[in-house]
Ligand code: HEC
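To begin, one chain is listed below as structure tokens, in the form predicted alone.
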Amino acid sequence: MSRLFRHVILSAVLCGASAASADEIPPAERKSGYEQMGREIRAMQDDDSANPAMLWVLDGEALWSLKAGAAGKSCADCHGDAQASMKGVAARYPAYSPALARPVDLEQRINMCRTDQQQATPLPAESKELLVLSAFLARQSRGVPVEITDDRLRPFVERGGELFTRRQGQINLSCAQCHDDRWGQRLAGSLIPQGHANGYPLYRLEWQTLGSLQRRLRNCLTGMRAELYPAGAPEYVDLQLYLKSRARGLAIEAPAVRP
């Protein structure tokens, strides 16, 4: 459980007592978590030679060109130079999958390519191989603004918004009560961010490793004493999609660094 959400338990009366959540943060007031970090962490993220997540990006670059599966194909065999073909992709994921008639996140899209195109075994959730590939792909979109425009995603964005504002868990807390209502305030000494999803996968100093947005969502649910969804569940993807929609206009920072 993260340090922030261990303190949520102690502050449940304050966070759980609100009668209603505030409205969504106005676009002009949306800020990346980067803007709330200290100078040292910002410098670490800004300098690729100091950003620890770049080790995963370099491994992902190698894996991009590695042939795999019964088809004996690499990602590069289909997509070529990732710097050109993958630019902007992370800014619009989760994206709608016609085959599944619902959105998939970037990690799920990678596994669909593995099974359909490479005829290879899917990579386990939060595995090193899946994280390095997603970090490498997300790196190609750094600086591109988040933009979710596919009309087919609208009902899933709405479902994600419902999850974001729904009180749940033993302390009866919603995501919005912290990240919409109390962003910029401190909870037991920890600064509460707006909770935008423009930096994932990211290196969290608390984790001492790279992690996906789904890992962060599971941490939050654990801190709320709420029931976890199975890995890769549609609820996680819908919530990711809402968070991406909520972060529209913010630049992709992946792989970001956070406390």
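Because the structure is a prediction, the values reported are computed rather than measured. In this text, residue numbers run from 1 along the sequence as written.
If you look for the form predicted together with heme C (HEC), you will not find it shown, but the lines that follow are about it.
*Asks:* Is it the case that Cys178, Leu239 and Leu243 all touch heme C (HEC) in the predicted complex, with a non-hydrogen atom of each within 4.5 angstroms?
*Replies:* Yes, the whole trio is in contact, each within 4.5 Å by some heavy atom.
*Asks:* Which single stretch, out of 183-191, 100-108, 68-76, 130-138, brings residue heavy atoms within 4.5 Å of heme C (HEC) in the predicted complex?
*Replies:* Single hit among the candidates: 183-191.
*Asks:* Does the 4.5 Å heavy atom contact test between Gly60 and heme C (HEC) in the predicted complex come out positive?
*Replies:* Outside the cut-off, so no.
*Asks:* Would Arg215 count as touching heme C (HEC) in the predicted complex under a 4.5 Å heavy atom rule?
*Replies:* Contact check for Arg215: no, nothing within 4.5 Å of heme C (HEC) in the predicted complex.
*Asks:* Might Gly195 be said to contact heme C (HEC) in the predicted complex, defining contact as any heavy atom within 4.5 Å?
*Replies:* Although heme C (HEC) is absent here, Gly195 would touch it in the predicted complex, with heavy atoms inside 4.5 Å.
*Asks:* Would you classify Ala53 as touching heme C (HEC) in the predicted complex, given a 4.5 Å non-hydrogen atom cut-off?
*Replies:* Ala53 lies outside the contact set for heme C (HEC).
*Asks:* Going by heme C (HEC) in the predicted complex, which residues of 217-232 come within 4.5 Å of it through any heavy atom?
*Replies:* Contacting residues: Leu217, Cys220, Leu221, Met224.
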